[in-house]
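Next up is one chain by itself, shown in structure tokens, the form predicted on its own.
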Amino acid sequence: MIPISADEAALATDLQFALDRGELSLAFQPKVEIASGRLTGVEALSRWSHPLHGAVEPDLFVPLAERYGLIDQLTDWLVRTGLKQWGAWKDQGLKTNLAFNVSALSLRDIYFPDYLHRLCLVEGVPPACLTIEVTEGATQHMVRLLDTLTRFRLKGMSLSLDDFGTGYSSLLQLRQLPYCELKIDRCFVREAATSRESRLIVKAVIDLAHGLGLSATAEGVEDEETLGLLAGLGCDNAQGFFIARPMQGAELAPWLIEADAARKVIPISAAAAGRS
């Protein structure tokens, strides 16, 4: 793990070199429907293995890219690489939703949805198979970007509000912005089975999402007890280490075959019902 004291400007230069040389990679974490265990999509996660410092977390290098003017290049690499991987999955007979997080800074370009739509046409990816995730901490600026977000929806793509519960969004913004999904932050999901307060928050977010006509996805699901609790609360989807750890693109099809075999033995819904 990179030390906190590392020189930021030098690290930004290294990130620029890594982007230029294609040294970053993507991992993909599956998301499943709790009731059936069916794969509903994967989230693309950026990975950077620094030659000196080792693994650099996205929580560090994404803000770094924003501060040093590299975020558009990083976003472009992310979507291009993700779309190519989707094409490889299609060749394997696998068609699923692909989600990736986009910085609010990249969303300032009102033509970004058009650019992404053109990339979809080039790579043969149906826009309906894409979900753009926006972190809640950015929603205080999102109303100013309403035109851009609306263009994503007009192009057939979905919008997800990530890390819900940790930022500053208001109910008015939720009503105004064209989201399809709320993702409940892992800090609440992780403690939902042991903390009454966290459990109440998780339930409130699920009910809020459904009341607004949105789906609710729990992030950071790490054990059976939590999955069972979420099933009892009516949560739609789950993502986390208990479902699957982030994996390389080539690993998704074998994982799906194994997961399908496991569901034939005991569906997630049946297991969750027994634990709720």
Ligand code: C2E
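If you're wondering where the values come from, they're calculated on a predicted model, not measured in any experiment. Note that residue numbering begins at 1 and tracks the sequence as displayed.
The protein also exists as the form predicted together with the named molecule; that form is not presented, and the subsequent description refers to it.
Asks: So in the predicted complex, is the named molecule close enough to Arg186 to count as touching (4.5 Å, heavy atoms)?
Replies: It does: once the named molecule is placed as it appears in the predicted complex, Arg186 has a heavy atom within 4.5 Å of it.
Asks: Leu45 near the named molecule in the predicted complex, any heavy atom under 4.5 Å?
Replies: Flag for Leu45 set to yes.
Asks: Can you check whether Gln29 is within 4.5 Å of the named molecule in the predicted complex, heavy atom basis?
Replies: Contact check for Gln29: yes, within 4.5 Å of the named molecule in the predicted complex.
Asks: Look up in the predicted complex whether Glu224 has a non-hydrogen atom within 4.5 angstroms of the named molecule, and give yes or no.
Replies: Judged by the heavy-atom cut-off of 4.5 Å, Glu224 is well away from the named molecule in the predicted complex.
Asks: Among 230-238, 33-41, 204-212, 54-62, mark the stretch whose residues have heavy atoms within 4.5 Å of the named molecule in the predicted complex.
Replies: Result of the contact check: 54-62.
Asks: Please state whether all three residues Gly87, Leu130 and Glu251 have a non-hydrogen atom within 4.5 angstroms of the named molecule in the predicted complex.
Replies: No, the candidate spot makes no contact with the named molecule.
Asks: Could you check which residue among Ser103, Thr150, Thr81, Ser198 gets a heavy atom within 4.5 Å of the named molecule in the predicted complex?
Replies: Checked against the cut-off, the match is Ser103.
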